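One chain comes next, on its own, written as structure tokens: the form predicted on its own.
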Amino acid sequence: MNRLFRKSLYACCLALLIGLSGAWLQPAEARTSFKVGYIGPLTGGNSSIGLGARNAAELAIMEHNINPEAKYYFELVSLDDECKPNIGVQAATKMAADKNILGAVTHYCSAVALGTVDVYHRFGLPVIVYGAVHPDITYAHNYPEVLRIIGTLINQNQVSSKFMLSQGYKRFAVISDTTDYGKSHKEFFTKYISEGGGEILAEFGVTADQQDFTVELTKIKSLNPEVVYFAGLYPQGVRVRAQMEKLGVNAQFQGVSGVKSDAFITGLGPELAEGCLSFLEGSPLEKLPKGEEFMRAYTARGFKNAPDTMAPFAYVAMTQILEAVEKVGPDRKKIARNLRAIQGEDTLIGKVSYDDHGQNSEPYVSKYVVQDGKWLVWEDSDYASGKRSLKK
């Protein structure tokens, strides 16, 4: 019986017991109890991703706790960063200062993760970033406590630029939010497009909470680009795409990983979302060898929120933290060293290996397109087969 199947069986049993008792199972008296943490956007525009990731981290803990072979029992401390750097720093400080918390799965938004790495280093709290993709999170400082299980936006833009050029697109207009996340996406995308022979007609920086894009899109319309590339998160991506339609900007919409959310489709409606593109680290659950087992376990727990794009990463990250504590005990420094030593581990998201900066060095980037109200992997879509066409 493989490990994930065994965990899934434990989770199903636990869900049944919870349903009968209406309460959490308490730790076995023989086990010492410790805390682990989760920080992500639990409220606000990005909460659908943050809540799904938190639930996945909680699932990993529940599966661990009902494993009779486990030495320790764990409790989850969950904090909201709202995808805002100042709130994120407060949450990180509160969590890292609690010595009873041995490790944490943290952050979807890059601006928040960039602002908190110093906190984790100062307090020595081992964290695995599950969703933020700015390169500097792992590469600017090389803090031993900070790891990242997802790839970086460098990988993402290498794939996306090559793909767009292969589709025959040559003329691009770029809109990016002015956070480090948006600016870095723009930097690498424009670099790879230009190197590949494409033309960047114009670049526009917008604030992360900007509502009206009339000025930018009017200028873009006059340039007649083939593609509008948007680097930001999905709430703003909804507004950009909707206003493109309103102003008659007849160009292909291309988004970064921050756009890949079911909430993007819900916000636009299936008709406007149809044919929009996004690129995201990892593979969809249905493509993963153990994806169905994960979904069965997640569903059995009865979480109110569906597992969105980052849930598998959060699940694996929390599993790795719990296993590290099991191996080395409740010592933050030893936990961090154990996590850094992971090489070629088979996980739900594929193999994971951390390099000398704590960065997963085996990332995979998937291409997505909206078809009939759903995000589909490009290769499985009518667009890839030629039955439907992107905008030209």
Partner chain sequence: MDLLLQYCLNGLMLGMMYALVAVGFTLFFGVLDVIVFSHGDTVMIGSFAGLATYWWLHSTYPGLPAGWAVLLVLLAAAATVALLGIIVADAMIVPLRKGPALNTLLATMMLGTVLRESIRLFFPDGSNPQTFPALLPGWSWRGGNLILRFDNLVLFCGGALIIFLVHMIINRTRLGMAIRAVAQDEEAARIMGVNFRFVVLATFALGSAVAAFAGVMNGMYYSEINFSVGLLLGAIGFSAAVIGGLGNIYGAILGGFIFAFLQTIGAVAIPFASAYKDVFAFGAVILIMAWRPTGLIAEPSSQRV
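Positions refer to the first chain, counted from 1. Since we're looking at a predicted model, the values are computed, not measured.
The discussion below concerns the form predicted together with the partner chain, not included here.
Point to revise | Contact residue in the predicted complex, chosen from Thr299, Ser194, Asn142, Gln210 - any heavy atom within 4.5 Å of the partner chain | key: Looking at Thr299, Ser194, Asn142, Gln210 one by one, just Gln210 meets the 4.5 Å heavy-atom criterion.
Check your understanding: Just one of Leu288, Ile200, Ala263, Leu165 has a heavy atom within 4.5 Å of the partner chain in the predicted complex. Which one?
Key -> So the residue touching the partner chain in the predicted complex, by this definition, is Ala263.
**Study point:** Stretch in contact in the predicted complex with the partner chain, which is absent here, among 291 to 299, 217 to 225, 152 to 160, 316 to 324 (heavy atoms within 4.5 Å)
**Key:** It is 217 to 225 that comes within 4.5 Å of the partner.
Review point. Would Thr43 count as touching the partner chain in the predicted complex under a 4.5 Å heavy atom rule?
Key: Taking the distances in the predicted complex, the answer for Thr43 is yes, it comes within 4.5 Å of the partner chain.
Check your understanding: Though only this chain appears here, would Gly124 touch the partner chain in the predicted complex if you measure heavy atom gaps against 4.5 Å?
Key -> Heavy-atom contact with the partner chain at 4.5 Å: absent for Gly124.
Check your understanding: Given that the partner is absent here, does Gly275 sit within 4.5 Å of the partner chain in the predicted complex, heavy atoms only?
Key -> Contact with the partner chain, no.
**Study point:** Contact of Tyr120 with the partner chain in the predicted complex (heavy atom, 4.5 Å)
**Key:** Although the partner chain is absent here, Tyr120 would stay clear of it in the predicted complex, with no heavy atoms inside 4.5 Å.
Practice item. Spell it out for me: taking the partner chain in the predicted complex, does every residue among Leu59, Pro68 and Thr309 have a heavy atom no farther than 4.5 Å from it? Key: Zero of three within 4.5 Å in the predicted complex.
Exercise for review: Scan 235 to 256 and note down the residues that get a heavy atom within 4.5 Å of the partner chain in the predicted complex; none is a fine answer too.
Suggested key: In sequence order, Pro235, Val238, Arg239, Ala242, Gln243, Glu245, Lys246, Leu247, Gly248 come within 4.5 Å of the partner.
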